[in-house]
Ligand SMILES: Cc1ncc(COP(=O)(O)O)c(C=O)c1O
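What follows is one chain in structure tokens, specifically the form predicted on its own.
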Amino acid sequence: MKSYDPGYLEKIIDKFPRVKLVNLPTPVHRLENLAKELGLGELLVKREDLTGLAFGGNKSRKLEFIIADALSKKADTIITWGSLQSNWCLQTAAAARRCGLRPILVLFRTYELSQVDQGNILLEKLLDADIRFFEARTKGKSLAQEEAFRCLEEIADAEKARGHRPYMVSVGGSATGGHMEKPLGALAYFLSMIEVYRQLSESGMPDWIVVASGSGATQAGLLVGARALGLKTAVAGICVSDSREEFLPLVKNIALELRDMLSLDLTLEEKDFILYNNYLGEGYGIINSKITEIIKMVMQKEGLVLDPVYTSKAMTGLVDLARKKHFSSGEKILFLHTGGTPALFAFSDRLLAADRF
């Protein structure tokens, strides 16, 4: 297996424009109580919820490259989309304001949740983001990119008519399209994998990285980064919105685009793309008793707050896999906390009522 020196890879990444948004490196620490509960040899968490921008989250890393791309194209407005409590949209609005861009957020009602001024929406309004609410034609995160981009294009045309220069970007900053022509979101997590390597290589790299996979770039970037470094680390994505069959082609495409963009001599095999869709529950953004149990357990065991849409489902997967002895004895597991915790407050009634489901 071909491997590259991390310093060489960092020099390649340095060629891409980037703005400073994130406090790096994000910390890694042990979850000893939870590891004991699950019978795991070693369980670590990488705190991407502590990136530092508007309550933090993995999207801030992506936006360092995406906002820089928008600025290089002389944009004065950034337009993106997501679901009602999208942490991506909050992070985008915060990054845009910090860098002098106007944020326009298209929020689709993709699950049954009231349009409440709480959680991420509250913070977006404090940022004075231009929020447009739409009813999704179909429920669930699998809202077609084409449908979303048609909506964004209409808004962009109207903004151009007013003399603005909009930059459109897909949900999560993951799939290329709109004005983002390269997989910049995945590039950020390729760089994050190098950060993990520098943090853990002396003490031993993880055998597994477990991450919520919702738009694909975080998992794809980590995977390509691991293979570029010559690591055997398995990157397991827990599907939070779409089934494995629907989602796998997107993750593959982003990974291959990233590999080609960086001109890496790597072969990505079918077995490298690990996705579990057993933990979707009733669908994207739907809270049930399992989600509540996981949030309570992790908070009570470790004082670690999970969000109700992404990290709670990823941790549900990790816990279930551990209890089913999916991980070998002595293996080191790294859980990537992708943030999104402000959404917890918008779901308070459902979380507190979940015991009665």
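Numbering starts at 1 and follows the sequence shown. A quick note: this is a predicted structure, and the numbers were derived from the prediction, not measured.
Unshown form predicted in complex with this ligand; subsequent notes refer to it.
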Problem - Among 211-219, 122-130, 98-106, 148-156, the region lying within 4.5 Å of this ligand in the predicted bound form by heavy atom distance - result: 211-219
Practice task
Report whether the minimum heavy atom distance between T80 and this ligand in the predicted bound form is within 4.5 Å.
Solution key: no
Problem - Residues within 4.5 Å of this ligand in the predicted bound form, restricted to 75-104 and counted by heavy atom - result: N87, W88
